[in-house]
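This document opens with one chain alone, in structure tokens, the form predicted on its own.
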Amino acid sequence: MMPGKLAKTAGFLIYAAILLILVPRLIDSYERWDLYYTLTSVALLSIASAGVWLTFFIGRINIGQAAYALIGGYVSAVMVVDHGISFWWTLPAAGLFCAVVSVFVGLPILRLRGVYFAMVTLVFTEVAKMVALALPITHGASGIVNIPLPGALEIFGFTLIPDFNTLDNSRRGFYFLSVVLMLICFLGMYRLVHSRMGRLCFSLQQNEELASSIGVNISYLRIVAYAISSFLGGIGGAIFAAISQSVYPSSFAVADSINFMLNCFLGGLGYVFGPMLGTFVLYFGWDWLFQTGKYQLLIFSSILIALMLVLPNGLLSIRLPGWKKNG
């Protein structure tokens, strides 16, 4: 293994150990169990933001990820509440349903570029909200409530994940679930970006006409990337619905779609792990500025603009020696 790859692997393992071992011990020691929910939210938001980053990677600006998070939340809630299906089956089902929807939506609009694609995706969240209000299966404005906590996940009689109802603190269970999925998500994204398919996707970002002229199936790559992006949004939404034990048409708004995009900008569009860092900074930065009262939004916006001017490639452009772009 190359020294650079070895260093990145070691760094990832250390980061995983901190999240899965050190952080829970610190939270339990200080009895700050509210932090489980906070950090779970950050992990799920970073998963959805990773999907947005992938559409940036193929040269498209996606401002509609909250729509797929909302769809994923409803798919999981309907399957659990109305049909009694285990949450663990609804989780991949929510992601796959969102991926299928994105294929039908993406086929006509992925041909658009720049601001045109961005403006079309901007309305997706409101469209999803209107559909949720209109359909009987989504229970209209009252939403779906009293969603039961996930039961045990068993395979061949072996319990992989315990029943969340039996846990002393279900938020701790959701924390581990979300963090593990986040680590798997970004590890998979890193592998995808550095694969042959990833290099072809990057060629779309540079010049689609040139990529097409050398035989790259640009339509296929755009659809696959957008489907993966929507899949991640649906997964995040499904877990959010399970945590809050409810989902409403207003559970995800246009502001969430914009924040998903900002997470990518803030962390760094040229780096796979940019959305993870961007989500962390944006989430806690907004909360930290809460004490400024009515000036919160003004200060927050000014800081974001300044960061984008000073660090156009995101916070990860301030990197340690040996780090590489898209790393």
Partner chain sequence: MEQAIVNGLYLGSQYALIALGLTLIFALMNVLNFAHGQLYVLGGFITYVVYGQLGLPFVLALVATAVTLALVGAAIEKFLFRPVIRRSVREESTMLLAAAIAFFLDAVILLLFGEKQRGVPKIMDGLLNWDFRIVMPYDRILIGVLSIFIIVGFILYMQYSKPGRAMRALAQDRVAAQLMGVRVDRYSMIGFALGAMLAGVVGGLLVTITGVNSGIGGPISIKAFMMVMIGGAGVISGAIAGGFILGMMESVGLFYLSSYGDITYLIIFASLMVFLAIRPQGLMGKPWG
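Positions refer to the first chain, counted from 1. Predicted model only: the values in this text are computed from it and were never measured.
Here the subject shifts to the form predicted in complex with the partner chain, a form of this protein not shown in this document.
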Should the three residues I63, L297 and P312 be counted as contacting the partner chain in the predicted complex, with contact defined as a heavy atom within 4.5 Å for each?
-> yes
Report yes if any heavy atom of V281 sits within 4.5 Å of a heavy atom of the partner chain in the predicted complex; otherwise report no.
-> no
Look up in the predicted complex whether Q245 has a non-hydrogen atom within 4.5 angstroms of the partner chain, and give yes or no.
-> no
Using the partner position in the predicted complex, report whether L35 sits within 4.5 Å of the partner chain, counting heavy atoms only.
-> no
Close approach of Q291 to the partner chain in the predicted complex, 4.5 Å, heavy atom | no
Listed residue that, although the partner chain is not shown, lies within 4.5 Å of it in the predicted complex (heavy atoms), from L277, L39, I27, L269 = L269
Looking at A152, V180, L187, V123, which has any heavy atom no more than 4.5 Å from the partner chain in the predicted complex?
-> V123
Of 228-236, 86-94, 128-136, 144-152, the segment with heavy atoms within 4.5 Å of the partner chain in the predicted complex is residues 128-136
Judged by heavy atom distances of 4.5 Å or less, which residues of 200-234 approach the partner chain in the predicted complex?
-> Q205
